[in-house]
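Below sits a lone chain in structure tokens, taken as the form predicted on its own.
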């Protein structure tokens, strides 16, 4: 027994075509009005409230799953790229910057301030890492960095009380770029105060003399040229979060 092929009349074909076209137009109109509604919403921290709520929901999930003792995958030095991409120059364009006079300011509880030179940093045990540096622009590279772990830096400078705070804040010497980082990510064992790239001192466009390398975050959190570090229980300002990006920026 064979099935008969259903043959549509021209009228039926026209009806189906008109219906499909109408559904398409309705979908386009609905998408436009949803987009327009989102654009007209009151903004919160650089983006619409509904998008900010979705960011906060993602942050709650992923920060809840985060294990500060867990390690990012690492690679042999031979797999590191030779030509490291520069993911922005914010905070690096101050013509008056003097690398010889540079010192990192570390603001402790009560307002006491430490001034840390690059020689002070280099007295600590050197740690190197090759990992997959990921950028929110969609690219990634296996890159090789050297410096001191933030954990060693904390011990050396007796900052144990400070890292009991909820956040760390870092900014460039000219204050034009700044990041806020949740403390569990900051004290993750692979987080570096970094002074070398590919076995040599950092280039100026990579944050010479000292930058942050934080493998559990996207590149926007790897602040170049650290000027000031302080600690807070309230969420510090963050350059890209103020412009609509995810504050947590973990991957």
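Numbering follows the first chain given and starts at 1. Keep in mind that this is a model prediction, so the values were computed, not measured.
There is another form of this protein, the form predicted together with a small molecule, and it is not shown here; the text below is about that form.
Heavy atoms within 4.5 Å of the small molecule in the model of the complex belong, among the stretches 88-96, 75-83, 162-170, 107-115, to residues of 88-96. Using a 4.5 Å cutoff between non-hydrogen atoms, residue 220 counts as a contact of the small molecule in the model of the complex. In the model of the complex, the small molecule sits within 4.5 Å of a heavy atom of residue 206. Although the partner is absent here, residue 153 is not a contact residue: none of its heavy atoms lies within 4.5 angstroms of the small molecule in the model of the complex.
Contact check for residue 135: a non-hydrogen atom falls within 4.5 Å of the small molecule in the model of the complex.
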